[in-house]
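Below are two forms of the same protein chain, given as structure tokens: structure 1, then structure 2.
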Structure 1
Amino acid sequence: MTDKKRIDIREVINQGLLAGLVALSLSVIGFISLLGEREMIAGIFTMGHVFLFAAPVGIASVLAEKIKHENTGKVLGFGFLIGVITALPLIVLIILATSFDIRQFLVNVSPELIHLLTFGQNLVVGSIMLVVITGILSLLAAGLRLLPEIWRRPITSGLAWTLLFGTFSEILLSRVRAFFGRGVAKLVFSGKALNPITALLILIIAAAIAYWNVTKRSKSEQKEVEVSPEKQQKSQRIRVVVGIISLLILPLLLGTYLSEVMNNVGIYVLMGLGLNIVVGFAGLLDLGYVAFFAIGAYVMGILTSEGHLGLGFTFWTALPFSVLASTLFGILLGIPVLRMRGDYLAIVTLGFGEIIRILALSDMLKQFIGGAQGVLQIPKPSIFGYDLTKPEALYYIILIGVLIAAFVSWRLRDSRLGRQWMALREDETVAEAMGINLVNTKLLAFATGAAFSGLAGAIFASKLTSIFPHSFNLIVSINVLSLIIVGGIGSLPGVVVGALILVGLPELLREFAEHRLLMYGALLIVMMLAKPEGFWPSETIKRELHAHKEFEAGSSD
């Protein structure tokens, strides 16, 4: 344990090649060139460059951390070497692409990619530039590790914030434009990207704040501040109040589009809260959760539509029916799977989800629920004659739904039923032996989960004003399952965090367009490897996971 890992030159070469392969892969799948069109800092670099250099810089940094106790020259040298080696596979690609037509096999090895890789220069000059630039960037990354924290932290923090602002510059641009007018927007941004001067400013401010934090913390370490429990309670209460107020005024700050994004997140939060009961609390793996969402949406759609299918209900009169219908289906679909376990349950529920979707799509039911043409002309909810058409207004409906669902979940978790669910999750047989009625407990979990999902579906239908069967495919179920696990299974705030990451973030990163699912997949893997308990884990699950970690046996490394 204690002996320091020695890193020899072979390992450095391997790591460099690894970085090179990552960069090469990102290049040949068109990731780099697609993002190459998206400037981060106007005229200086694009998002494509960020991803191109991410691998060597990251790996050099990690490696440097491991060997930073050794001499400076070695650390810097190794860093530089990693960068140089990274460039080699890319140079091979450049040579291949310029001498053969490899595009007939690999469609994304486009001239734009080669242009980006060679910085617009010819083969030789471009390759040399590539080697030098990756080398120097990796060297700097390695060098950063050698700096004392008081310098390192401000620099990394400044860079991170600049990149963050650059990434979201389009959103920021629209916000700045909305609040300060186009004049200011033009001052801060060039096109959609950050102006170099703005970028520099952000870097300096963020670095200064980080510096201030570092120095302050080293001071505050000397005098530990005691916080009395009353004070803590009070600050907790203040935090809750501030939280609620900021939730209430959020749409005013966010504007139309971001409110729309928040609404999408909110609908997923509602579904996530429901599935969290089924999977997180009761441990029943449900892969067809979208079925209840669909049922809620379709009931709302049919009841309220102003088209030929509709029955003329209003949003508010239809809402109870939507929720009720999904709940009933939750119980109905729950019954045949009561005796199934684990993966059998998973595939059967997945089947249910598909059955509902296909039936919605089918010609068989077309005359009742619209088939492929969907249900159109669904009115938006209205309150006192005021139509909630704008996302900013709809936000409050969703917020209320989420708060109710969160409150119910929270109360259920600590209730008798909640403890029965936990017991069920731990061990079904033991739970049964303890006198827990498995049938009721399981059906209640399915019913509650379905009710939340039905509510989400009802709001979804009304928000979208038209529903099509394609909106209810398997990906939705997978998305909801992933978001509760990424957030931290069984944890209520985790659902919100998960939804923000998996639903909100991709909305904002529309540049990634066709690579969104690739990023999503990679994120899920990395996330599970690094933080299997999720971003905001519930306490019990965290404990369990750590027990598992410590259990590590000698047989697997």
Structure 2
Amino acid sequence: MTDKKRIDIREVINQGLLAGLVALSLSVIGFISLLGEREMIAGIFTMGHVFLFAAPVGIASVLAEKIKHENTGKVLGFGFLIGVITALPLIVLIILATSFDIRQFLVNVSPELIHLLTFGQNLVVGSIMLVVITGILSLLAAGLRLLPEIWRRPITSGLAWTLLFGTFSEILLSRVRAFFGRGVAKLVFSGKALNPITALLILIIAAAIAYWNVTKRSKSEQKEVEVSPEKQQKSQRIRVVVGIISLLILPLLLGTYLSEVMNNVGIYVLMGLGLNIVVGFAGLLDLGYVAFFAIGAYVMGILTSEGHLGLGFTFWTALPFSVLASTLFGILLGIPVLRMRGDYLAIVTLGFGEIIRILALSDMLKQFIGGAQGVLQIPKPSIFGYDLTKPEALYYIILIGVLIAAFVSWRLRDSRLGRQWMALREDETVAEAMGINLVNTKLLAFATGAAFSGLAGAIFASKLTSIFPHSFNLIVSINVLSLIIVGGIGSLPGVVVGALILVGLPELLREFAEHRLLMYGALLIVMMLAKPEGFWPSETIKRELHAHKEFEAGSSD
């Protein structure tokens, strides 16, 4: 028993030092001081404070989840100890910065950073406040794990929504000002930050909604009420109608900038739905997916460009050719790689993507596709003579494409072909032994995925009105594959969630300049540790992953 306690304390010390090193690193590179200029709740705390305390709070919460079955005092004590240990490296930094001139070595250790770490107090008082506040926040995070779900979920939901509104308060300020005027904006916001009263209202409302949902679910579980299929269908139809109406009015609420962000997200959703068929359904790792995106864009540019070959096609007449060309190239890629799988398939498709990019960049096809100068003067889509030049108007074209791709993917997933893809993903040899034609199944996967990518490329070309070879680098394929993994492989809603996180979020964080990619990377690391199956995984993948974990845990026992 004594040995177990000593090991536990050692682990707590290690976890506290880890949290301290994370906070110290963020401080030294200038991340905390940069975000310290951005208030989330006026006069109370900044975004710098959120990231300063994020590591100890998160680690204390995770550790408390592991030992919550033990003594309550032990859980709370360990949580407080993690916070105290986290503050120690920061106190050392404060002492060094106030005693010596260390900015010649650590240029980002500025007076503003020390002011933030000490809460505007002197060395002694500020250090004590840092230890106490960090310890209390970690203790509360650990204590939150001990609460029953009926209380824990509302508190967590309220805090999460408050932080979310505070993070994007500047964007929300512009929308509130546009709809309700400056007077209402001044009541809700103080400068660019949330008013404390507004933040409290958001916290209460979000917590009340979460509490209502938890109590409603618990009552239905206690009564064991079985909802009839008719009521389920009716409820599903209502949700679909509400969702469609929300999507239709979204550009009116978002404005020009946010509509442009949503357009970028929509194009990646289109590509993600296509790659999800290849990777998520059929299990074929394709790293050259950007090639089909490029083919669709270049076919659209060549056929519609007013200053290139002058073929005189409109967006609508050129669109089928763009999709058809991408589909044909998808089949051509599939033919030579029919017997390949895993890493070999990934390398071959990677080479295919690079071949397409180099051909687009070379002088050999310059007279047709412009070479390094690209294709210019591509017209915007038009409907009944009205050019869709604004992002709010182009949004609907992308939305229609996404809905069509999502509907086709949904129908294919539950079809006979979809089941063949999934059998192929599990084991090609067994699938072939069961009578599945591997040639047709693989070619249909490549062709369908390429068609969606070509559609995205065609819209992308018309959206930008000019395309260049450097727009079709390998990073595009990596991003599309990443959003599928983050959202959940094989999941249609997961593609949308992944695109929002990996494409939309970095755009919204542009105000943080070069550090936005650090936030982006940290989010991915946390996500992969907390939810390796993705934010919205398919039931099949989720079941397989957790069954594999349970098997490993059982075998280790």
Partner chain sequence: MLKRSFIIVGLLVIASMALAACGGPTFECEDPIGCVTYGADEPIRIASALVISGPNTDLGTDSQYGVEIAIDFKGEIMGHAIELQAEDDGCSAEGGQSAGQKIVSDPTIVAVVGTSCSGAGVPMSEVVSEAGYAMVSPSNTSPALTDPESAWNPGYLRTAHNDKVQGKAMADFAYNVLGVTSAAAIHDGDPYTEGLAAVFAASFEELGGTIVEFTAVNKGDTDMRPVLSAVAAAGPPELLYYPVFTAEGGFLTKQAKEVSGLEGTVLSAADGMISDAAIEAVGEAGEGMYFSGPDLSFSGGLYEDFIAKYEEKYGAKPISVFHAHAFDAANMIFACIEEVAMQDGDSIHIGRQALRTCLYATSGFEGITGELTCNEYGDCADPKISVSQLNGGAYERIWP
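Here the structure is a predicted model, which is why all the values come from computation and not from measurement. Residue indices: 1-based, along structure 1. Under this definition, the rigid core comprises the largest set of C-alpha atoms superposing within 1.5 Å between the forms.
It is structure 2 that shows the chain in the form predicted alone. After superposition on the rigid core, the Cα atom of residue 393 is displaced by less than 2 Å between structure 1 and structure 2.
With the core held fixed, residue 212 shows a CA shift of 2 Å or greater between structure 1 and structure 2. Superposed on the core, the two forms differ at residue 169: its CA moves 2 Å or more between structure 1 and structure 2.
Once the rigid core is matched between structure 1 and structure 2, the CA atom of residue 119 is found 9.6 Å away. Core superposition gives residue 235 a CA displacement of 3.2 Å between structure 1 and structure 2. Structural comparison between structure 1 and structure 2 after rigid-core fitting shows the C-alpha of residue 57 displaced 5.6 Å.
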